[in-house]
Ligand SMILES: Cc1cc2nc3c(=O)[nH]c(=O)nc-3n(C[C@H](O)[C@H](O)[C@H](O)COP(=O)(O)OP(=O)(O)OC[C@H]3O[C@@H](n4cnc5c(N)ncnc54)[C@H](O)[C@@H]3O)c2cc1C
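The data below hold one chain only, encoded as structure tokens and taken in the form predicted alone.
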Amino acid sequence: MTTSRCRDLSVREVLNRVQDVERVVVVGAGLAGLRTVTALREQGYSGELILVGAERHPPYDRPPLSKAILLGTADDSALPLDPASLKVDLRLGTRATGLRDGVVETDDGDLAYDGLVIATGSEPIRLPGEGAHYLRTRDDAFALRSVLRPGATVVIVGAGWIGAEVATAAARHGARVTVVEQAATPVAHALPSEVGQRLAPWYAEAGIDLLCGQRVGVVRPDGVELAGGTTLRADVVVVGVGVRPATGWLDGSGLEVDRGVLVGADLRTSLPGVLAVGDAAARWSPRYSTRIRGEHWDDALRAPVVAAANALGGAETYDPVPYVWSEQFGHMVQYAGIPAAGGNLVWRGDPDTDSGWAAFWLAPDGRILSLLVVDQPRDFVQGRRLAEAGTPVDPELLRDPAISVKASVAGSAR
């Protein structure tokens, strides 16, 4: 199996690779963009480096927005950045507007480049209507937190990862919360109903009404109208029904885009010298023989190391098992793999009686295709490693919580 890798480079190799790259532009100043410029410097690039960000805030971490910041336990999620030490020209409040041969067009003028890394992330999918809150930026998080108060009536559209985290925060602020989900069970985009239904009781336990199988037609500042005609009144409406890659600025560029910038396992695009990472990329995965949109923190953290190496002429590949975690209703939920990976479902522990449990999907040969783990971080770490390595496991050993996940390897001694 291939995975992310980036070997140490000799001084001669670095010099040979970078001699034709005098200016690298990175568009997108989130985690993926910052990790890209940092990796470029760490890998020996000494040329001109420009980091362009549409927001006026310096780079910050997004996971705390729906967790600590929304809960009120933190007010900042800034990422460490010293432009002077990195020798990076940081251009905040600058929006990319187009791309033509060797030039990034922005609302503050054109930027020529020898190498370009696209890290513009994603933007929330919006529903018809006005007045709803969407959670994507730092400003979004603080605006939403300001209206979560005791007694407020809050309707949240979407019971995915973000919807559950917003519901958790709203309930802890003392709001009366209703979550509306179009699918029959929570997290339906990633989990089959037989597993997703195990998350549904958490809502009631937190005092939250969960309405599944209900589609929202229109959102309004004072509530939502369901497709069937029912109106749910609310002081606050939050929509969390997914995101789409922020690639509109690439229209007409000649770049291949289809629900993300199309890249290979090397993260290179269809245009010479242009790579893409993070939410904006739709990468080909040899591991799964399909195209994957990461859309999560782990992808923004790890992919830029490979992109930086290849921007300097390398031939590295990035093909990990995708990973996401969510903190909701007092539970730590960790998931690795891709939705609808299929395979044989193996339960580890009993969701009805055990405080921690897991679901594994196995290929016919015993390889772990994907896994969902609740409140058992050690099981997740071990399971994820086996999934990355493509190591077959014994289903009977795996389903026994008394046996460690790593000890469930097929043919291993108990």
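Everything quoted here is computed from the prediction, not taken from an experiment. Numbering starts at 1 and runs along the sequence shown.
From this point on, the text means the form predicted together with the named molecule, which you will not see here.
- Just one listed stretch, out of 283 to 291, 208 to 216, 113 to 121, 81 to 89, contacts the named molecule in the predicted bound form at the 4.5 Å heavy atom level, and that stretch is 113 to 121.
- With a 4.5 Å cutoff on heavy atoms, residue 374 does not count as touching the named molecule in the predicted bound form; it lies far away.
- Looking at residue 279, you'd find a heavy atom of it within 4.5 angstroms of the named molecule in the predicted bound form.
- Taking the partner from the other structure, the named molecule in the predicted bound form has a heavy atom within 4.5 Å of a heavy atom of residue 29.
- Although the partner is absent from this view, residue 62 contacts the named molecule in the predicted bound form, with a non-hydrogen atom inside 4.5 angstroms.
- Relative to the named molecule in the predicted bound form, residues 53, 66 and 162 are all within 4.5 Å by at least one heavy atom.
- When the named molecule is considered in the predicted bound form, only one residue from 179, 239, 246, 234 comes within 4.5 Å through any heavy atom, namely 246.
- The single contact residue among 189, 268, 136, 149, judged by any heavy atom lying within 4.5 Å of the named molecule in the predicted bound form, is 136.
- Contacts to the named molecule in the predicted bound form (heavy atom within 4.5 Å) from stretch 357 to 374: none.
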